[in-house]
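Provided below as structure tokens are two forms of one protein chain, presented individually as structure 1 and structure 2.
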Structure 1
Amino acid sequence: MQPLRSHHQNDAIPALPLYRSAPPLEVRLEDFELYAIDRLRVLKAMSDGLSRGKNPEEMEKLVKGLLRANMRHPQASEDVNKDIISHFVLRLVYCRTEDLRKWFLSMETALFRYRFLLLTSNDHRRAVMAEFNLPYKAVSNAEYEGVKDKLGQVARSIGQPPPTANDIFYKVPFEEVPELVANRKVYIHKGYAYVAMNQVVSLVVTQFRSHLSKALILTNRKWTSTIREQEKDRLTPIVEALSTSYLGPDYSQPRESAEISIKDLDQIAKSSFPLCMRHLFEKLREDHHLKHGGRMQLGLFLKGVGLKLDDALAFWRAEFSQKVGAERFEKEYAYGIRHNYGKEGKRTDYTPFSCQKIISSTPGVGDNHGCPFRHFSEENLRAALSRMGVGTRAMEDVMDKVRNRHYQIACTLTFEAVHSSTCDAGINHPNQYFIDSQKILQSKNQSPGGS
């Protein structure tokens, strides 16, 4: 299949492949992973946008920007190859379980829909229809004259200008465009729907989704039967890691000029810690102890926000000594803190945990780590949000996202409620929450109305 090339060099991506079969292209191992990560950024940002209720126009604008930012190749001639390769890598990544397949199918279908709508030429749209071998013929001029009044009534009812003789319509069995029929956007006569060119997206998206759904099942069979074992030392580790990979900064080093002291901790914990870290901090102050999972989650977060090793040791020592004594702290706990800072063992510079890692953790009895939006009971979560100052209306929005398992969006809505400010990028990392919070608070303090 030859991908359809656009004449407009400024379009977000100058092609719309249908991904019928994997191309015989050689791919460097590093490109295999990097291309997939770039596409994953697009799909995850789309998923966030849809979950946050963005309207179609906002989504179209978002997708165009995402494609421009992530799917360009330094060599323009390689844009299409990057597009195709990244799709097939992610198809391998997301074929492995039903939940992964469902998410990937939904996001790739949505991406295809928006990219089809971004095609500005009817010739390009007709070419995509031809690629799908859709058996529909354009309505003849004579037939159009017989139904134009009915088509005009439908157009007016949905706020569209009346059609003209130059507009193209297709006669399609009505059961093949259920979305258009359900929303009363087409004229139906003798079992056929008259579909305007600007509505053809429903036809091609249905075809695309059907093909990809079947392809994911076949890819899963190949993965299970041969690929996973054959590639166990090369591709398999990459494929298995990609579906849960965090795509943002690692925050292992605090920003330049970012340094906090022990005396500031209580104040900034209240103003700028995300709920997961605020809860751990408060439990530590209350119980003077945290289990290993809590120490790792909070300790690496504090390292990322700028708490130096000496201050970290002093902070943890002051708390733990009240429970276990100074001597036991030095014997059993100080090593772990130095280890997190890369001063013991393999000298690894450990990175703070991302939202994804925290959400996927499994706290046991007596543990306080994890994501409150996932792991708290509704009653405890409401109480915690109330202590943060989240109002009734915002809290209901947050709880709605929690019930639908959109935990990071729930955290984003909490951030917006607490700071009275939007966060379009969404919250993906506790340290990002802290940095964005500090920026907002500092800008308010520097403004003429600030204190």
Structure 2
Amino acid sequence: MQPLRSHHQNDAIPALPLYRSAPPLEVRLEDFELYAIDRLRVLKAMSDGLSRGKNPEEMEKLVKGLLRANMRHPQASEDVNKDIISHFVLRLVYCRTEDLRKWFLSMETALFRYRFLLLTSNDHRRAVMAEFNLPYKAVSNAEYEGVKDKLGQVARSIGQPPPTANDIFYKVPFEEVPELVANRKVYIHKGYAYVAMNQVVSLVVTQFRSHLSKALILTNRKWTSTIREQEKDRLTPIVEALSTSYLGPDYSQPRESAEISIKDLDQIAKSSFPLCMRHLFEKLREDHHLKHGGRMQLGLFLKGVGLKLDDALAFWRAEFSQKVGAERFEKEYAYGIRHNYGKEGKRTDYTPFSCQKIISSTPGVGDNHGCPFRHFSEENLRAALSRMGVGTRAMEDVMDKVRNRHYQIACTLTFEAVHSSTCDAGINHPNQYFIDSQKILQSKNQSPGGS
């Protein structure tokens, strides 16, 4: 397998491997996981972009940026290896169920499509076609003369400029380009479709998808029959954790500048807390109590926001003692807070919960944690959002995303509506929401914590 090398220096896009066979490379166990995580970040961000309805140009731009940000290796020559290794690791991760396979196939195919489109030269594209053994004959000049009127007609019918004598067309059996045939985007004659160079993408992508689809089934078989058992102490735990992992920063170490004092809390809750934390905060103020799930979710969040242990204790004490008394607070709740900060028990410094974790929790009676976009009724959600300042137009977009179970996107749209600003990266973590919010407010020349 010969991966393509770009001849251009400084090309942000790595060469375009086709992942035909697993490479005989050695990789450190650490890199096994790290490479996969970087690639997964790219795929998840793409998935995000697609569900937000980004058009093809926006997606191309997004992919270019994502590859630049995540898939480069300190040694440029290693870029390709990282690309290949990360793909094959993710095959293991995502071959295991029908749903996982479907998602992975869909994202990898999309990634391949955009990377193919980002290839700058026709030579590169033709080289990829050759790699796929697409032995399509370019239409000869003589034949072109005979069909150019029809080709022109097709071009006009799909809103494209008419072809010139320099344009290359390929003669391809019609059954290999079902997409183009179905939409009448090609001239077909005696079983052959005349495909324009810019339509070649469709060909290549179809092949890529078909190869990968079959490969995933085979990988799954190998996984269940031998690999999973063989690797149960080494790779298997990594593989099983990867498909559900959150991939962003963990916000366990708040930045130095981000110190929050108790007196600021009310204001920043109103201006910069995501809905889930706002709700918990308001409930705490209202009831002077929160159940365990809520204490964990809000408590860790506040730690990530920059609330020091002593301030946290004071804050929770001030609220809880109004309900249970100061003595009971010290006895039953203070320990838990210190535990969250890693000062008790096994001293794990717990990380604030990511959206993924919060969304998957199951709040019961009397609970207020979890993701409101998932767990609130439509009525309650609308009311809560409107109190946050989400306008009617944005409200409908948000509710639409909720109905389609894109909770994080709904939260992102909420963020955008409330701050009148875009959030391209999408919300994946409540502390990210907070930080981004503060950034915007500060850049509007507000003091930290003000609104």
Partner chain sequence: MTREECENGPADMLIDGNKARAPREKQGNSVPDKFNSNYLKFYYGKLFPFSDIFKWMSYGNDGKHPGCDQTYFGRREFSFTLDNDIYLRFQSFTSAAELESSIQEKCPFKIDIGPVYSVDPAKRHAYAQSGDNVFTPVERELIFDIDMSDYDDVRYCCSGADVCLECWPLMTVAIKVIDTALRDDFGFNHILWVYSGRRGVHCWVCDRKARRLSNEQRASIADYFRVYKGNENSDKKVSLTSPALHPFLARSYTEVLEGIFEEKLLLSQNILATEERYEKILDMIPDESVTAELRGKWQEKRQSSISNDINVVRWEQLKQLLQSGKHKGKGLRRYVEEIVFSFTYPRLDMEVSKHMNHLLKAPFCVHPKTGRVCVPIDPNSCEEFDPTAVPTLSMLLEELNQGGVRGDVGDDLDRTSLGKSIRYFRSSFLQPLLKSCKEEMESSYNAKLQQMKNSLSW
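Residues are numbered by position in structure 1's sequence, first residue being 1. Everything numeric here is computed off the predicted structure, so don't read it as measured data. Here the rigid core means the biggest group of C-alpha atoms that line up within 1.5 Å when the two forms are laid on top of each other.
*Asks:* Assuming the other structure does not fit, state which one is the form predicted together with its partner chain.
*Replies:* Of the two, structure 2 is the form predicted together with its partner chain.
*Asks:* Do you see a C-alpha shift of 2 Å or more at residue 210 between structures 1 and 2, with the core held fixed?
*Replies:* Passes the 2 Å threshold, so yes.
*Asks:* After fitting the rigid core, is the C-alpha of residue 176 off by 2 Å or more between structures 1 and 2?
*Replies:* Yes: residue 176 shifts by at least 2 Å between structures 1 and 2.
*Asks:* Once everything's superposed on the core, is residue 193 shifted 2 Å or more at the Cα between structures 1 and 2?
*Replies:* Comparing the forms between structures 1 and 2, which are aligned on their rigid core, residue 193 does shift its C-alpha by 2 Å or more.
*Asks:* Please report, in Å, how much the Cα atom of residue 82 moves between structures 1 and 2 when the rigid core is superposed.
*Replies:* It moves 2.3 Å at the C-alpha.
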